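First comes one chain, alone, set out as structure tokens in the form predicted on its own.
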């Protein structure tokens, strides 16, 4: 139920049916007409730009057109009690008491689904995909939370969502990782000193993986690295992925599917994908120019297979082969995305780290080429997280080696705080995470402030000996909202607009923003009741007004739906 959509469709129909009366000849831009929440200093429920949109193209005075539209809307929509025309031509609309009661009761009746819309698209969201060479670090954490909450948000709207993890378990970095485990095993078994070499992994977690392998595989022969590589690779990756899955589970995240790059290579999917692109004439043999800037020492002009990425909006064509003729990482990634295309998803979403921005155009071009531009790939980049404690940058973990692990983060603050705060800013800007702030029990700690609002509402229900699951409705005859309740009602009506915008634009940070604003309105109302008894919700252990409690009930509904999307708990007592 979205009152903005409902009333906007009525407004548009009235304008269309009365275009001659309104002297409108050009209506091509009518899709730009919207219905929004008016600024706070206007005591109105809705605001439309209809006159501004239509006046310019029809060479009409926007104020005069707004007055004409106003007269039609007042006459034909009985839910509109009053309309004020404000320069330069906005229509500010006040809903009637009947309209408010009808819409409020509709929300109370459909509380679980309030804010959702019926959508049946099929999404694949790939996120985290941390290299399986050790536990997750903070850089992965933001993308992990972002991907999980975005999945919840799209599922809330009725879409089918597959949460996927791409395991980069192929290539030199994996070989270096396995060699690190091998040397740690030899260190434990034979007291050999661990050789610190370039590209090896020195973190203490490698010792844990090695000890676990020894414990469960007593007969493993480690005399020669090459001879035991395949077996040890399998065991090492299992140990590393168990660490990653453990961290994800502690963050409240579980993936539906794990896709192995090694399996992709074994199934010869790269060759098959390249042949598909060749058949479409999107791959050719040729030469690439050297990289811009300083030319690498090992660069040489070599004939190789090249993907015509520029034909699909990329800055340059892309190599599919290295100098030695083996496939590039990009070639493997194209094959992976072709596999996703063949799994019949309507939309592919990749959540990437800050260092992958330059990769977006080429993989988007590849998906476009392979799907005949039918499958949409959307890449969202999560910028860096900076951790602070006592006003200073948080130090690195000794166990992890050279990064701050998710476990370090979880040792400092709980899952709820991490999930909420990782979305407290848009994904495309850097995020400062202050450990002290997220532990405060004040308005400056957003997650606490929202949880506290819900806990306060539950304290009301305990006092009144009622349950938030009990059915409730309001009556037009007794409904007299005060100024605080009017603001709450308008904010509640805005919820479907927020969730729809967040889903359409893939911007889940809009959810915690909104919940904080709604909670602020509730806390202000609560505080006013402590100052002035006419605003109190409870008097002598009873509800002063049933209608007032119904509005508090609305707040609980929205907070519960919103925090469920965020994957954040809602304690009933704090």
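Positions refer to the first chain, counted from 1. What you are looking at is a predicted structure, and each value in this text was computed from that prediction instead of being measured.
Only in words, not in the display: the form predicted together with the RNA, which the text now covers.
Taken together, the three residues 47, 170 and 526 all come within 4.5 Å of the RNA in the model of the complex, as judged by their closest heavy atom. Of the residues given (439, 207, 97, 361), 361 alone sits with a heavy atom within 4.5 Å of the RNA in the model of the complex. Between the options 162, 131, 482, 461, the residue in contact with the RNA in the model of the complex by a heavy atom within 4.5 angstroms is 131. For the chain shown alone, residue 443 is a contact residue for the RNA in the model of the complex, at least one non-hydrogen atom being within 4.5 angstroms. Proximity of residue 194 to the RNA in the model of the complex: non-hydrogen atoms within 4.5 Å are absent; the residue sits far from the partner.
The RNA in the model of the complex is approached by residue 530, whose closest heavy atom lies within 4.5 angstroms of it. Proximity of residue 319 to the RNA in the model of the complex: non-hydrogen atoms within 4.5 Å are present. The partner is not drawn, yet in the model of the complex one stretch among 414-422, 150-158, 224-232, 170-178 has residues with heavy atoms inside 4.5 Å of the RNA: 170-178. Shown without its partner, the chain has 86, 87, 88, 90, 92 in segment 80-116 as residues with a non-hydrogen atom within 4.5 angstroms of the RNA in the model of the complex.
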